[in-house]
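Shown next as structure tokens: one chain only, the form predicted on its own.
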């Protein structure tokens, strides 16, 4: 290996940066490519099936190299992230080289749990980053965050069978990535990729200080963390991890909540699997699941929320009944349901778009999508605010966002380019400075376009031509035979065999306007675009509130649609020890029957009965009946209607299945 002083400056720069990110693949920006070197290059070549080449870094020394085009990076990134790799994105910073070398720095580290790019995110499910902090033998803290939606919450588990409780919660969350102290081992069978971190990052006092500084508060009591030290450590560790990998995402996390598993029906991993709530047993897809039956949502926000509802049945009878009232509204009013679903369908993923805006990663097309959605909000509010008491609580958070819409309508062009690399993003009339440059540029182009005819007429030289090349810019060319007729203000620039080329001070002024205008326009539009995003970011809480209200409306209408299409009834959910289902049907199996009718069954427990034993030959439907009873109870406790002719269901706090 050569001495450090013998290697090239660019190699020195690479090694200095790589030393800071030893556990990530470093995408090192060189021109229009991200290059990887050494072991990173071999890994990248193998995983992405691209050519492995080499690069000279010192006399007689070549190193492995593999590169990907900058414009296609997202596609390659997604394949590396799916395999659990971390990728550090190193960009050129500044417009001027320092000692012949452009400065570079890592702008973010892409990991499975810290994605913001729309092309890398699953639109129908949350992309959770989870942190697990074990404590006493029967306790553990869990925090999770989805930086694409701003959801941030934590809890503590206390269970004699901690491994099972931990596995159940992880199966519910289905995180993309989990961080944990490097000195502990997690139970087998947990989903997602794992990123162990140094133990000191989970120290209680340090984590609490991180939380206090982030939320700018003097105490964590208001977040419900006073008696949840393990949850506080998990939440603090997540913030530290984001500060290293995706620092821009921290400004998205302005809300935090704690939750208790005692607020929801307990469903262990085996129960979720056997009942096929959100994933089927065969391949993990949605086909043949309860979620497939109930999910008639038409927005990405609604699809994520209904998945959460199916995974977290309620225990509070009042909350269940409030959901039922809203579902009843849309069930009984088919026209209202159809109008609402039609109005929701064109909406963009407002929840994720505003978080990209706040995180500084939004593109013009994101603001166009937001504008289109905000334009539709007043009509939506009018549609559902017509004295419907069952929706009053939800509509408290539904803002029309008229100020934000006015900003987008006045600032953004009707059909802007997809990115800021091309001019035309900002509407004419919004910025006097930008309009002035655009107008001067247009005038300069017209002046140059007319120059040849004007000068021919003025000088009477019919062979005069106006041309352009990259070396001299614009010039006036006169044949050698007519060069003696050149006006005195013409400045000779170049002599050719048969012609002379000239410039004039006025022409050079217009040339500078034309050649510099596009860069200047891009610079001003970039600055204005950033200012627009900053103004919208100040309204993040309002827009998120509206987005979540839209998601809930979508889910309520979806449950009503499922009830109407499949012939469900509203169950009577009570805080009593009762289970009485008449003419019950399996919600999934009945949809798979072709040309056959599902034979309904009663499930009725008389007073004092606790157990019933089902007997019968193989393939007679015993397992189907057991699953059917469980699914009907679960559907009732998420607020859905159920497949039966009548049902009275006492709230249950847990479902067990080992079928």
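Positions refer to the first chain, counted from 1. Model, not experiment: these values are computed from the prediction.
Beyond what is shown, the protein has a form predicted together with a small molecule; the following relates to that form.
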If contact means a heavy atom within 4.5 Å, which one of 28-36, 57-65, 44-52, 589-597 is the stretch that engages the small molecule in the predicted bound form? 589-597
So in the predicted bound form, does any heavy atom of residue 622 sit within 4.5 Å of the small molecule? yes
Close approach of residue 608 to the small molecule in the predicted bound form, 4.5 Å, heavy atom: no
